[in-house]
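Take a look at this single chain, the form predicted on its own, given in structure tokens.
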């Protein structure tokens, strides 16, 4: 008997490159590419550059939704008239892992839930998100944050590796349209495909077994209760205030702006650019007051915002467990170890790791 699911198809792996070429014909294609020993999302001119065998990119795909530097508008100093030349383009972002899809969904909540940002809204309307399954490494803790799988995130298609094929889940009308456009590359679901899909899900969950994942049960209340914990200062001693953790984060959205006049001073550009709550100057206001003058205060603030502020604001954690902050931190500070220390897990072992070789520094 034929087994059929309306919201999924199967893409044979032999058809993957034809699928990518088909996507590139539809609109500009952005996908992960290997650069030396690292992987980064980039616009694709040659589909042979695309890599799907990776754990994480250096920067998340959010840079194609919220650029790290953007001109918001220009205005005239003579009559104060405003203008904007921004126009979003069609784009397909392929190869996004589940944690980054959840990161984009969090940005959607920030930028679109109340007083929608028209620029972000325009970009999202013209963007297709295609996810792909992955396996974790030692930095991943997405199982703890509930982001190991795409359920609950906003996406259009999601490809799950089931061996010789990809199980393609359809998440939106945009995804449906792509399936119809490239229908000759797909086949219908059979019972064996569904069984392989379930095994794939089980395999990923089992990959986290025996790892020291953070227990995030009631973590929001715990962080508030441990606001004065010495753990914050002990961990912050290693912090360089470099902002790497926030710059690689899929959900951080802090920015600042500066007005840049032309040579004659008649036209001014309002330029926005990504910044970090870890920079000393970020909390500086007029009069020379710092809201967060110490590294400890800034270090604690990031955890507080991710696990206390976000739940109040959007009813979910602001951390998706991608592990980028820990993997890229030059001081090798681990978010997982910090959270476990707050719970008092393996205290002696973690304290020794936190204190070795690093001393207190001025910001």
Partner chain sequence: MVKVGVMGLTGCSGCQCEILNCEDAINRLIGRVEFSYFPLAQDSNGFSDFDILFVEGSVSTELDREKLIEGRKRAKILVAVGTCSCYGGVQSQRNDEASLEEMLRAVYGEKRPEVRVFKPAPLSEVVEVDYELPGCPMDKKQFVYTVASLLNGVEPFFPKIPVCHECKLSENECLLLNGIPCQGPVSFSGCGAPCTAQGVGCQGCRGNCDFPNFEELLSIYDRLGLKGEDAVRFLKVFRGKTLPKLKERSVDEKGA
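Bear in mind that the values here come from a model prediction, so they are computed numbers and not experimental data. Numbering follows the first chain given and starts at 1.
Form predicted together with its partner chain: not shown, discussed below.
When contacts are judged by a 4.5 Å heavy atom cut-off, residue 180 does not count as touching its partner chain in the model of the complex. Its partner chain is not drawn, but in the model of the complex it has no heavy atom within 4.5 Å of residue 49. Taking non-hydrogen atoms only, residue 230 never approaches its partner chain to within 4.5 angstroms in the model of the complex. Taking the partner from elsewhere, residue 221 is found to have every heavy atom lying beyond 4.5 Å of its partner chain in the model of the complex. The stretch among 195-203, 243-251, 158-166, 92-100 whose residues place heavy atoms within 4.5 Å of its partner chain in the model of the complex is 243-251.
Taking its partner chain as positioned in the model of the complex, the residues of 267-285 that bring a heavy atom within 4.5 Å of it are, in sequence order, 273, 274, 275, 279, 280, 281.
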